[in-house]
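This document opens with one chain alone, in structure tokens, the form predicted on its own.
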Amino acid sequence: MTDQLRIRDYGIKIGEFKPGELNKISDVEGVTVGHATLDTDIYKTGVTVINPSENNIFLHKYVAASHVLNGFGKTTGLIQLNELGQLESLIALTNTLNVGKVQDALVEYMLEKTRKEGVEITSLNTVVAECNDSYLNKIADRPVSRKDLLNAIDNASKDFQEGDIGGGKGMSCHQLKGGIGSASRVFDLAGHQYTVGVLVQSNYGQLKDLSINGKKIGIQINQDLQLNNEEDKGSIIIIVATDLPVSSRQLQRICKRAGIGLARTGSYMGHGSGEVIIAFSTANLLPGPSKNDDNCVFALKVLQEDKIDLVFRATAEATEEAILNSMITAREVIGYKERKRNSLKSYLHLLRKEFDD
């Protein structure tokens, strides 16, 4: 287990459902997360990789979908992902100007990995998403490299670090320090236990709007900081994983419910903020191209539609808690041009007072 204290460790419990063993996206079997971080006087950035499977995801595709709440963002792969309802690559999160470099490195990695298994790729749909970390990072230098992506893949594990690490290193959230955060929920359905896990890259919002479990903590924090309201031109990327058998259309419905968890933390989704949700299910393996017509029909397990409320609520809860984890685990950071973001952890006295009363 990592030694990081998360929002539950301070007595703040979000929602009704029980979290998974690690309370992370990796509670969904097979999912791992890795980071590579650049941390110098001028560079506060990096890359985070979500590996959906222990197998080669291109050869063993998963059902997937995405939903955009506000489209002020730069992503790759979502058009085909939604058209076919399939995920066939790792998912990488980085900063705005490094999307192209990370995508190129991810293509090379997937080509090499698949070639080793005797398959030549002539088309590949890689998924890369971003938030803009230019407040703390000298973003125009585009320092994230192919080596960083490969290090993040190599470092992927179930019990990964959160906060100002990897693609979250330079991120801000509600004018405090943001970054990478995760949470999960488990629930029983038809005699089976299922898991929904969420990972976020948080980089949005005004301090005055920050809400924790329904309480407007941001107003109290700003009595100390006296920050001016900044234009909301950040973003958030939300990754949802589940082992529940669902269709791509159902996953898109689930994606929309992540927006509820986002709103509960105080997001108003400003004009310049990009909110993108990407989801996949590990319950069904999708076969590759059929070599003959006799083997071109296959069966998928799919949840009955009127039983989907459980996963809707679980997704909203996990998203809200993942965002709070991204903030509470992040340290104070002084970055490019001596700009500073305080840690939510610095205001634990306010949290304790509010939630102990």
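The first residue of the shown sequence is 1; numbering continues from there. Keep in mind that what you see is a predicted model, and the values were worked out from it rather than measured.
The form predicted together with another copy of the chain is left out here; the points below concern that form.
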(message) Even though the partner isn't displayed, in the model of the complex is R313 close enough to another copy of the chain, meaning a heavy atom within 4.5 Å?
(response) yes
(message) Test of understanding: in the model of the complex, would Q226 fall inside 4.5 Å of another copy of the chain by heavy atoms?
(response) no
(request) Spell out, yes or no, whether the shortest heavy atom distance between V99 and another copy of the chain in the model of the complex is within 4.5 Å. (result) yes
(message) Check I308 for me: does it contact another copy of the chain in the model of the complex (non-hydrogen atoms, 4.5 angstroms)?
(response) yes
(message) Contact check in the model of the complex: I91, G118 and T319 versus another copy of the chain, with a cutoff of 4.5 Å between any heavy atoms. Do all three pass?
(response) no
(message) To test your reading of this chain, name the stretch in 149-157, 270-278, 195-203, 163-171 whose heavy atoms come within 4.5 Å of another copy of the chain in the model of the complex.
(response) 270-278
(message) Within 4.5 Å of another copy of the chain in the model of the complex, counting any non-hydrogen atom, which residues from 235-249 show up?
(response) P245, S248, R249
